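Shown below, as structure tokens, is a lone chain in the form predicted alone; questions about how it binds or moves come after it.
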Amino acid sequence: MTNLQLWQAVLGELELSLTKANFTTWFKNTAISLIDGEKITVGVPNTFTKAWLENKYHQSILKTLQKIVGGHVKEVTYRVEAVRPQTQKMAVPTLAVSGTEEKTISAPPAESPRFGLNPKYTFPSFVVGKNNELAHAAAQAVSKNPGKSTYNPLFIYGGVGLGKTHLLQGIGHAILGADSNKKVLYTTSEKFTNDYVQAIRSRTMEKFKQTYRTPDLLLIDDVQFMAAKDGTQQEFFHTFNDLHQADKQIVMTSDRPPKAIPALEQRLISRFEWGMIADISQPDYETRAAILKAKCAEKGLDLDQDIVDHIALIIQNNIRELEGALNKIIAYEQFHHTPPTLDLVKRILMSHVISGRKSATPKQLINIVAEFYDLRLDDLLGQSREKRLAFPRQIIMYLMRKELESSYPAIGQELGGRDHTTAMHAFDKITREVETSDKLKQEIEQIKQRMYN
């Protein structure tokens, strides 16, 4: 392993636990410049970075190095120097373990064709409604003609617990049902990142590529978590290209559309938009009731229609919460040997009514929006009128008025002492745009989910 490869492995580990801003600020233009026995010297671009790494990140760097090379690093020092280009490789002394025995790290296990698929997540068990019919139709089209349809890639986005993973894995089951020899791989972006870091550490990139670049169908969940992970994005870019050029099918899910994922490379955004983008919104009342009936049949629970109607009325956020409510009722019935009645169900689910709309403060809302759009709080509350800041600011004003019922002067005060007319204009503008923009409606629903869950 070269100095460059060792330091890339360290950065890969550190990147998982840091925000993009911190990672870029403190680790850009750093490199291992010297290995002398059990001592490693890290080159840094200036004295400010040197002091910050020594005081803030030293223990993390030391532990990560020890983890990668087997504990044979006792000391890490930092030195200001002109860091050589990252493409230049320097020899690294062999770091031994247990005397003369060289450390080896096993490669990630090869994925089986059905790896990661939940047997419950099939098309027949998926309840179709107005909120998901487009995504469902696209998923079925992919399963019938993988890799060769206009739906490659298929990108499904929507809020938490709305059925994205169910559809994603339903495609895998359908393709395997038609041809059991197909190689299907379901994974998450977090696992992809972890496997990539491990492959760098263990020098098993070829095995990593064999795992991820050979399936007939790659199903990857929650791609938004690749945001701000530059190394992961670069590797996934090449993985995507290899699969797509070989007419292999790629299906991805996210909590937002590609262009709304912060810190995602433009070249990935353009590729994610090559095929079909379909959204899943919150289920309407009729769909929630249908989902409840399907879940009752699956669990062997016989509920009166008025009970189903009540549950569908009070639980509106997502399907997981609906299933959780049914599990509560089943548990109560089994423990008390009492058939559920409407009054009993109302008492059992009282906590859902109370917690369904948790009170959120203006400051919490501002922090949620800043995190959602990957913005610094100081910039969001500042005076800049850049669109990337002004538009999220207007969304905050809209939600403060609509959800928190704040007065316009109070809204202006929370947003850096702005005039109340600015808040009025923002509320009117976003109200109009929500009616015509499905993308904006989806983003606001996701922010509201974070507010109340």
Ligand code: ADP
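The numbering used is simple: start at 1 and walk along the sequence shown. Values in this document were obtained by computation on a predicted structure and should not be read as measured data.
A second form of this protein, the form predicted together with adenosine-5'-diphosphate (ADP), is not displayed here; the remarks below concern that form.
Item to check | Any non-hydrogen atom of Q249 within 4.5 angstroms of adenosine-5'-diphosphate (ADP) in the model of the complex | outcome: Because no heavy atom of Q249 falls inside 4.5 Å of adenosine-5'-diphosphate (ADP) in the model of the complex, the answer is no.
Checklist entry - Is there any non-hydrogen atom of R288 lying within 4.5 Å of adenosine-5'-diphosphate (ADP) in the model of the complex? => result Judged by the heavy-atom cut-off of 4.5 Å, R288 is well away from adenosine-5'-diphosphate (ADP) in the model of the complex.
Checklist entry - Looking in the model of the complex, any heavy atom of F236 within 4.5 Å of adenosine-5'-diphosphate (ADP)? => result Answer no; every heavy atom of F236 is more than 4.5 Å from adenosine-5'-diphosphate (ADP) in the model of the complex.
Checklist entry - V80: heavy atom within 4.5 Å of adenosine-5'-diphosphate (ADP) in the model of the complex? => result V80: no, not in contact with adenosine-5'-diphosphate (ADP) in the model of the complex.
Checklist entry - Hey, of 301 to 309, 342 to 350, 316 to 324, 270 to 278, which bit sits against adenosine-5'-diphosphate (ADP) in the model of the complex at 4.5 Å between non-hydrogen atoms? => result Heavy atoms within 4.5 Å of adenosine-5'-diphosphate (ADP) in the model of the complex occur in 316 to 324.
Item to check | Contact residue in the model of the complex, from P153, P257, P215, G159 (heavy atom within 4.5 Å of adenosine-5'-diphosphate (ADP)) | outcome: Looking at P153, P257, P215, G159 one by one, just G159 meets the 4.5 Å heavy-atom criterion.
Checklist entry - in the model of the complex, which of the listed residues (L117, L380, A360, V127) lies with a heavy atom within 4.5 Å of adenosine-5'-diphosphate (ADP)? => result Comparing distances to adenosine-5'-diphosphate (ADP) in the model of the complex, the residue within 4.5 Å is V127.
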